[in-house]
Every structure is written in structure tokens, then in C-alpha cells.
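Here's a solo chain for you in C-alpha cells, the form predicted alone.
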Amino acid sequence: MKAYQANILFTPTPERFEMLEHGYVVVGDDGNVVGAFASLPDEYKSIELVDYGNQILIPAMNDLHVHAPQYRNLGIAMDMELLPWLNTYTFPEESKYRDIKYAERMYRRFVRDLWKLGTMRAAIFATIHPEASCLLADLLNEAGMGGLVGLVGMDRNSPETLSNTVEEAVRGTLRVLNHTASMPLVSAIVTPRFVPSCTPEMMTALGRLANDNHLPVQSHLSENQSEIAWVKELEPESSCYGDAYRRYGMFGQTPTLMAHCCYTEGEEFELMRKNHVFAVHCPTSNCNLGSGIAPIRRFMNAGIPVALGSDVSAGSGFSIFRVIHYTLQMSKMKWVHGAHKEAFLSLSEAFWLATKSGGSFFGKVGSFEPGYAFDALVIDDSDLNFDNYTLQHRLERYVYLGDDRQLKHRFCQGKEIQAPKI
């Protein structure tokens, strides 16, 4: 058992920060939080104390939508909308992951960059390649970080070099599941790329796989208007894009992540609410590909769970702090263009999405409340801080101006995580 002393901020609810100036977080031997205290209770005064002085201690970031094999395209190729972007840049790059040496070189850098920017857990799209997908799981586990690794299913409207059969997708996902069985923080997630790249046979098989094995699901939803129109052509029996997933057992029948949701409304909105489907907001990607602005306030008001995603490489960086920044800006644009009908998000709300809300997909993650995993970041903001700033203003300044240089310590499930090897 250890106690950590620092300036502590976390969000038990989206409406406000819990702030403990020079407070304490006590962590048990299991890596879970015992409690957060303004002063250290007598019963813990004999345990080891780690004092971070005037630094800030916050929950670590969670990335609920990121494409690991797009690492090499990070920060380039932003001159197209979604569908031509996939065919011109993304699919050719992902095809390279049949080469395990190439996959290792890129995936090591990918894991290092997640760590570098303070993301301790992520829901990750891999590729169709089982060996490379298992390698990615190994690298996360080796680093001590958490993740869900998805072998991608795609058997139509895909290049020959990046297509798998239904049998290959099912067998490959089961291989990842079995490979991660002994890993404490890494597991598999069923991953149909999106409806246009999956035949009904693929969707049926992956839905059955998810339900039979109680596996979570991740995919894309209503990101782009051309994509939505294409889904209507391909799935005429579905009443909306979301219904195409529901019909195959992948829209809340097991825990489900749907990225983007820029144009989710009407029946699709109600299906998400009823089935507790997560909307994963990816504002940097939505800007870069000109996709749209997701109605995050409306989702939150309706009780639809929301998390944040970097969506690398359509998103141009791994920092979920930068995603928080963009989330706040995009919510204000939504507010402006919506005639001020729905309030824009506050800092505490956006921070809660990145920590406790997103973390909930992994269990009790993303807060310093009792029983939560001690996933944490220590920030030395001395080069950003001025006298008389409140703790909230210090965190806000870091969100807008900080980077990895101020991140001094990173924890996942109570263990300090050192820089992964590259």
C-alpha cells in the first residue's frame, strides 16, 4: 500500500472537479484506489508516502478509438474526405502489416506514443492480420498498459491486399482472444471495420462471435454523409445506419463503441440511448476530414454514454488532452450554429469524458474514488504556472498549452509505467 501526495483533481461527476490541494490518494496492493483525502488519515500514516510536492495528480487518459496501423500516416494526407482518403492513403498503409517486421517497427512506436502523451488504456483497431494483432497485444502487455485489440473484419469494397474471409475474421479474432487470455489488462474486441466493408455474412458471423463470447464491439457510425448514403444502398432492410449493426447483434447486445456519430438523430439516436451504445467523439478527425460536428450535448442530456478518441491517423495526434481542447471548441461551434439552444461543454465535462466516462468501458477506471484502478498522471506545470492560479486554472492551462514535457509520471493499475522500448 502507498500514499501519493500532490495537488489532486478528478471528476466524480461531469458537473464539477473534486480538488484536493496538497491532498493524498491511497492505493492498495491490488492497484486500486482506497480513497482520496484532504489530509492523510492516521491509519495510513505508517505506509510508504510518495510526495510530488506542488505537482498535479490526475486520472490518466483513455482513448476509445484509435487505428494503430495508421501510425505512419500521422500528420499527413489530410486533403480528402473519408471515403477517398481510405482508398488512397489508409488501405495501402494497413496492407503493409502482413510483414511482421514492419508491424513490430510501427507498433512499438505506436505504443510509445500512447505512453508519451498519457494514454494508459485504448480501444484499438489493428488490421486483418492475426500475427500482427497478437504482437500489438504483446507490446501493450509488455508495457503494462491496458487495451482492447481488434482484428478487423472486411470482405467487400476493400482491396485484395486488405480483405479477409468470414472464417479468417472469426478465427483471427478468436486467436487474439486466446492469446490475451492470461494478460491482465489486454483483451480482444470484435471489429467490423464499418458496414460498407462487411458483407451480411461477415456481420452475422461477427455478431454471433461477440454474443457467444460476451465480447465488446467497436466500429464506425454516421461519420460522413456519403458514407451514410452508401449504407442505405447496401443495407436497404435497415431503417438507419445504426439499425444495420443492431440487426446483426452488434449495437448494444454486448458493450459497444461507435465512433463519430456526427449525424446520429431520430431512430438511430433512440437506438443508441435504449441500448446504451457509446458514442466515441473524435473531434480532431472530424475536423481534418471535414466530416461534421457530433451532437455531444444532446447525447449527454439523453443519457447516451460518450467517450473521446484520437482516431489516429485521421486525428492528427495521440494527445487526449488535445482532444479535450477540440471537444470544447467544437461544442462551442455547435452552440453557435444551433442558435445557442444547447449549452456548450465545460472543462469538467470534457475532462470527465476523457477519464471516468471513457474509462468505464474498461471497468472502474478514470477516477480516484474508492475501488477505481489507480491510472494516473503526474504533471509538473511549473513552466506554465503563475502565482495565484487555482488548481482548475492550472489544469485548464495544461490542457490548452501543455504537452508530454510536463508529464513526469504515468501509472496504470497502480504500477508506474516506464517508457516502452522502441
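The structure presented is a predicted model; accordingly, all values stated were derived computationally and were not measured. Note that residue numbering follows the sequence shown and begins at 1.
From this point on, the text means the form predicted in complex with guanine (GUN), which you will not see here.
Within this chain, Lys356 is remote from the site of guanine (GUN) in the predicted complex, having no heavy atom within 4.5 Å. Proximity of His260 to guanine (GUN) in the predicted complex falls within the 4.5 Å heavy atom cutoff.
Mapping the unseen interface onto this chain, Gln70 counts among the residues with a heavy atom inside 4.5 Å of guanine (GUN) in the predicted complex. When guanine (GUN) is considered in the predicted complex, Leu86 lines it closely, a heavy atom lying within 4.5 Å. This chain is displayed without guanine (GUN), yet in the predicted complex the stretch 307-315 from 105-113, 307-315, 135-143, 345-353 comes within 4.5 Å of it by heavy atoms. The single contact residue among Ile324, Leu289, Ala294, Ile189, judged by any heavy atom lying within 4.5 Å of guanine (GUN) in the predicted complex, is Leu289. With the partner omitted here, the residue from Asn211, Asn164, Thr90, Asn157 that has a non-hydrogen atom within 4.5 angstroms of guanine (GUN) in the predicted complex is Thr90. The candidate spot formed by Arg121, Leu377 and Gln413 lies out of contact with guanine (GUN) in the predicted complex, as no residue has a heavy atom within 4.5 Å of it. For the stretch 179-194, the set of residues having any non-hydrogen atom within 4.5 angstroms of guanine (GUN) in the predicted complex comprises Arg193, Phe194, in sequence order.
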